[in-house]
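This document opens with one chain alone, in structure tokens, the form predicted alone.
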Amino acid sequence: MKMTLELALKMIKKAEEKAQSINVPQIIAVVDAGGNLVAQHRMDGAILASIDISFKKAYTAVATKTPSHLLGAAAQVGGPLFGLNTTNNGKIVIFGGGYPVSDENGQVIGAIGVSGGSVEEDMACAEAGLAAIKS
């Protein structure tokens, strides 16, 4: 399996449905295994800053093969990854909303990033997008 536009749009649809259900306009980005944008969707009313943030959350998740929220503690002062968020020309995000997408063999094929609400809301919408690949 590889990240395709069809798969990205399926994930975006499910993430958007979750965002609508919690009444939080979001921006949803999906990248391929190389961190290249496959698709991005801005819901009406979503904040402008989230265009860049959603892409960077997805990029972070695919580049590190780790959900973005798991990087925060390690990137703090004294942590083993202190300063991680200053690398890659500022493309690394260390708060929640970015998740790697894996195929049936556990290979990372891309990632989803969601931004526009609280960290918890972003994570819930991204998780809904991830669930779309299992249906």
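Residue numbers run from 1 along the displayed sequence. Everything quoted here is computed from the prediction, not taken from an experiment.
Note that the form predicted in complex with a further copy of the same chain isn't included here; everything after this is about it.
Although the partner is absent here, L37 lies within 4.5 Å of a further copy of the same chain in the model of the complex, judged by heavy atoms. Proximity of E16 to a further copy of the same chain in the model of the complex: non-hydrogen atoms within 4.5 Å are present.
By the criterion of a heavy atom within 4.5 Å, L9 is counted among the residues contacting a further copy of the same chain in the model of the complex. Among heavy atoms of N105, none comes within 4.5 Å of a further copy of the same chain in the model of the complex. Contact annotation for 29-54: residues with any non-hydrogen atom within 4.5 angstroms of a further copy of the same chain in the model of the complex are D32, A33, G34, G35, N36, L37, V38, A39, Q40, H41, R42, M43, D44, L48, I51, listed in sequence order.
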